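Starting off, we have a lone chain in the form predicted alone, written out as structure tokens.
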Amino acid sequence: MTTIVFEDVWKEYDERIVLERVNLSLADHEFLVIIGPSGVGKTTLLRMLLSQEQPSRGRILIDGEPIAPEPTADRGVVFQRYSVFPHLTVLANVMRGPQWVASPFLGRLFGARRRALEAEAMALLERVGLAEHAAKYPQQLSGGMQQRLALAQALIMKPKVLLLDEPFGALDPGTRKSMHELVRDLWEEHRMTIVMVTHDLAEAFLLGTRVIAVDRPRKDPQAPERFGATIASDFEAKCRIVRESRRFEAARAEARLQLVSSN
């Protein structure tokens, strides 16, 4: 069970206010999608959940405890650009994280522990459709395959929360569709919470069980950095209600039609 709570969170850089008064509660196993204009602070929200950024005010809780001040294995992340190690094979890329956690000094495992990890990594590569490419290097893979590899890297750490920062933005429509199906399947199988940022409204309603829009409700043309963004709209508060909501289902149906027509 994983819960996430933002309590009156602000993010400021000197005199510039990026986010203000962000209050948000996520129940276990939600798939939250964050939408909003460019530069409004969506990725900043994600970076605070990863602990790459710290709130200027307020606090973030995971399972009732203040979030760790540094990134930890309970939160995985996949970025738009493929964050893989180019000098390692596909299999070695997936094994890298657990080996560093288990053996920080050597960064390697040996014997039975290594064989067990290799078997686990191969099973995960099979699940994301990369088992037959285990011996290849990232530059030998297509963009969609590299993004599948990045997902496998994150999932082998068994995160409670998976953060996705526009992970499909660089993919062609056909590959994007297959990645949508894979992520939804993995979300159900691993029972994790997902928080994803996207600019694609259709994608948001296709994937998410909950969608929030981030924007600046107050604007000052003379001093645009005077006010920050916050949650401007929230499509329901609980996964069950969202799934049953006529408004949500209508938006999802329209999103599907848009995706089909674009493909």
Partner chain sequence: MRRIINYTPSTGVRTVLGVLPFVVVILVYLVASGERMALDPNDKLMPGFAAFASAITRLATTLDIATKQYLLWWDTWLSLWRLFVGLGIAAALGLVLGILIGFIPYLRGMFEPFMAAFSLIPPLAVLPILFILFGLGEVSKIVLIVFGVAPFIIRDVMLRVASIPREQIIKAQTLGASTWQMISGVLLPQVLPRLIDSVRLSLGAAWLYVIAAEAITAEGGLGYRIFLVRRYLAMDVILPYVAWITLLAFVMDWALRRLNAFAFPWDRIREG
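Positions refer to the first chain, counted from 1. Keep in mind that what you see is a predicted model, and the values were worked out from it rather than measured.
Missing here is the form predicted in complex with the partner chain; even so, the following discussion is about that form.
* To do: With the partner chain left out of view, choose which of 73, 170, 131, 116 has a non-hydrogen atom within 4.5 angstroms of it in the model of the complex.
  => It is 73.
* Proximity to the partner chain in the model of the complex, single hit among 183, 192, 77, 125 (heavy atom within 4.5 Å) -> That would be 77.
* Asked: Looking at 94-102, 170-178, 117-125, 183-191, which one sits within 4.5 Å of the partner chain in the model of the complex if you count heavy atoms only?
  -> The contacting stretch here is 94-102.
* **Triplet 52, 153 and 157 all within 4.5 Å of the partner chain in the model of the complex via a heavy atom** => The answer is yes; 52, 153 and 157 each reach the partner chain.
* Asked: Going by a heavy atom distance of 4.5 Å, is residue 109 a contact of the partner chain in the model of the complex?
  -> Residue 109: no, not in contact with the partner chain in the model of the complex.
* Asked: Counting only non-hydrogen atoms and a 4.5 angstroms cut-off, does residue 145 reach the partner chain in the model of the complex?
  -> Residue-level check for residue 145: no, no contact with the partner chain.
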